[in-house]
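Single chain ahead, by itself, as structure tokens, in the form predicted alone.
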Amino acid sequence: MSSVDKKPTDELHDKEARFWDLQEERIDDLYARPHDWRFIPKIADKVIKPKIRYLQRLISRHKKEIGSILDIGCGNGWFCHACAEAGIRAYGVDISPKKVETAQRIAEEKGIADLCHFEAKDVMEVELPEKVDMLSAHGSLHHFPDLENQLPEMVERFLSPDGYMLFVEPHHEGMPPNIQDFIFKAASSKLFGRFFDKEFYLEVTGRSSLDEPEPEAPTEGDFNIRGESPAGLEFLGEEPDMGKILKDRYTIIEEKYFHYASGHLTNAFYVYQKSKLTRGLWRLLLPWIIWWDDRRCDKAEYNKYAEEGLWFLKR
């Protein structure tokens, strides 16, 4: 297909694939100089612990009914690997060939390659040898430009009639206003402001000042791998209300939310901190913050601002 024939969605798809390819090529740089708590393994393991435990219990309860899964936007394949280690046949698809290479390599290293199959392509072009027992996605569905129409098509094409869906997506409300105000005041204060790495934060977000709005989608070849992906920027402020989309179409078996404050606060008081003392104190406080955070996310007034929502569904 020539560039003249390409639709805007095709161009966005290509940009998104190049962004994630580039991120995977430079993944060591991201871990060496992390801009987000997810790139600090010892911290990330603590922050995501409630979610991992919840996923383990969820899959364990339904293991007899789930013999195969398709993970949409599988990235480095972590969920496929976890399912394969539990004896579940896992198919993973991602638009980034580099991510898929990593997913395949890790599967081989773990000795589970016989249960994992990965493809680098648009999920709408995938042909599976069977319909799967569970369709999953972890942070990828909100990047689909026509999700409300594409999701039912994916369910129809890939999911067995009695199959399940497991979707974990960023929540559409964004950062809680009170947490945002607290972080901004701390970063701007005389006492804590001198320890906040504003220069690195502005570099990551592509801004020239804290008051500047989010940047426009990057042009070709001008990717900030520490920033949002092209599709993420394209739909910034227009992220779908995933809960509503799913509740309108499917039967929700379980619904759970994660990270009301813990992720945002960890970035502010650990990732972007110059002070070793502040980081050390935050590590000591983090288990309590996560405990508090996890319980707040069970309440409606808090969970609408949670970073992630998890939905376990049937047709």
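Computed from a prediction, not measured in an experiment: that's the story for all the values here. Position 1 is the first residue in the sequence shown; the rest follow in order.
Absent from the display: the form predicted in complex with a small molecule. The rest refers to it.
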property: W20: touches the small molecule in the model of the complex, heavy atom cutoff 4.5 angstroms; result: yes
property: Close approach of C83 to the small molecule in the model of the complex, 4.5 Å, heavy atom; result: no
property: Partner proximity in the model of the complex: D14 to the small molecule, non-hydrogen atom cutoff 4.5 Å; result: no
property: Heavy atom of Y91 within 4.5 Å of the small molecule in the model of the complex; result: no
property: Answer range among 105 to 113, 177 to 185, 195 to 203, 119 to 127 for contact with the small molecule, defined in the model of the complex as heavy atoms within 4.5 Å; result: 119 to 127
property: Heavy atom within 4.5 Å of the small molecule in the model of the complex - residue from L151, V132, M165, I95; result: I95
property: Whether G75, K99 and H138 all lie within 4.5 angstroms of the small molecule in the model of the complex by heavy atom; result: yes
